[in-house]
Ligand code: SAH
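Next up: just one chain, as structure tokens, the form predicted on its own.
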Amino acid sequence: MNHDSKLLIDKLESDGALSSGEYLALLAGNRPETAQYLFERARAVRQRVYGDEVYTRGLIEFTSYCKNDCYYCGIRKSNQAAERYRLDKGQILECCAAGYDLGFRTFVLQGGEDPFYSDEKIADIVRAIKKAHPDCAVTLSLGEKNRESYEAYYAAGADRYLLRHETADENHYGKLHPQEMSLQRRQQCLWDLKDIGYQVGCGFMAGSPYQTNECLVADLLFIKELDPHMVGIGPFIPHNATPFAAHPAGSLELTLFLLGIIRLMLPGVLLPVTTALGTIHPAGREKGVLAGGNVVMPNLSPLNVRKKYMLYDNKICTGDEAAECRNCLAGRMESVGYRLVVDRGDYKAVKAI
């Protein structure tokens, strides 16, 4: 292993941050032996904070309608071939009830930016989930809203909010999104969410089209500044009905390397190993946990809609029953020395040592 890379990893673990030039050097030095050392350090840090526990989130993909036209996304509004659906409050509560019986204590409501669901409807759904399951956390992932909307959901009982910033480089952001969307607005949403009191998650795709190491450095610097509670990183996977259909997928190696870096940057961060990671490699989620991840998000959506929420091609687990998916994940985590726990899985505030 390159001696300089080891020194950078040690510095990142001790200080929780590197300079732009140091991040660039670390990314450029991503070799198998460097990655193994990074993962060893990342596992040690997550063991210190979270032990061998892996938290489970029950994912409910409740609408495939979206008003946005992001160039990478399979449910973008211009995709005429996308199958659209919406779940009503009763269907969402049924998903939660089934998930609760399986041991889920966090429910993640994720959907496109669908104007059909007014602030009042979302708040009503959140209140109903919290009334039925007061010991559970509710996470929302509904995209960009104004501050008043976020405040209404929080007042209704929402605990967490996931909003991937996608890239912290303005030029790169413009290559991934239509002109009417802006990085500044996306980042302001994250600052608003944090200010309101949510446990906040940001994130990006590893290997997205036109991404450079300089783009990744901008991401790392922004994430350190935001100091979120969660960071969602998965590989870019193209969808056949988007402008990026012919672009190559992001690599397993880069995704894992970034997970390890973020674990050292933010020792207490909740770090999901994503479905996309499991899609590009059969053992992707296990490898993600061994790189520092500590959250998995099995699907609780009704079976008849899972294949319709297709953000990218070849998505796994679209035909699994919720119980089957959870049991499969429990076995996968046990195979690498970790265990799924019945827990809300809240963020733990710690400082780098």
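Position 1 is the first residue in the sequence shown; the rest follow in order. Quick caveat: nothing in here was measured; it's all calculated off a predicted structure.
Absent from the display: the form predicted in complex with ligand SAH. The rest refers to it.
Partner contact region in the predicted complex: 236-244, out of 191-199, 81-89, 254-262, 236-244, criterion any non-hydrogen atom within 4.5 Å of ligand SAH.
Contact check for C325: no non-hydrogen atom falls within 4.5 Å of ligand SAH in the predicted complex.
Taking non-hydrogen atoms only, Q187 never approaches ligand SAH to within 4.5 angstroms in the predicted complex.
G99 falls outside the set of residues with a heavy atom inside 4.5 Å of ligand SAH in the predicted complex. Interface membership of H133, defined by any non-hydrogen atom within 4.5 Å of ligand SAH in the predicted complex, is ruled out. For the candidate set M205, C95, L271, I129, a heavy atom within 4.5 Å of ligand SAH in the predicted complex is found for exactly one residue, namely M205. With the partner removed from view, the residue among H229, R105, R164, H172 that has a non-hydrogen atom within 4.5 Å of ligand SAH in the predicted complex turns out to be R164. Contact check for C73, Q110 and Y312: all three have a heavy atom within 4.5 Å of ligand SAH in the predicted complex. Residues of 127-146 that come within 4.5 Å of ligand SAH in the predicted complex, judged by any heavy atom, are S141, L142, G143 in sequence order.
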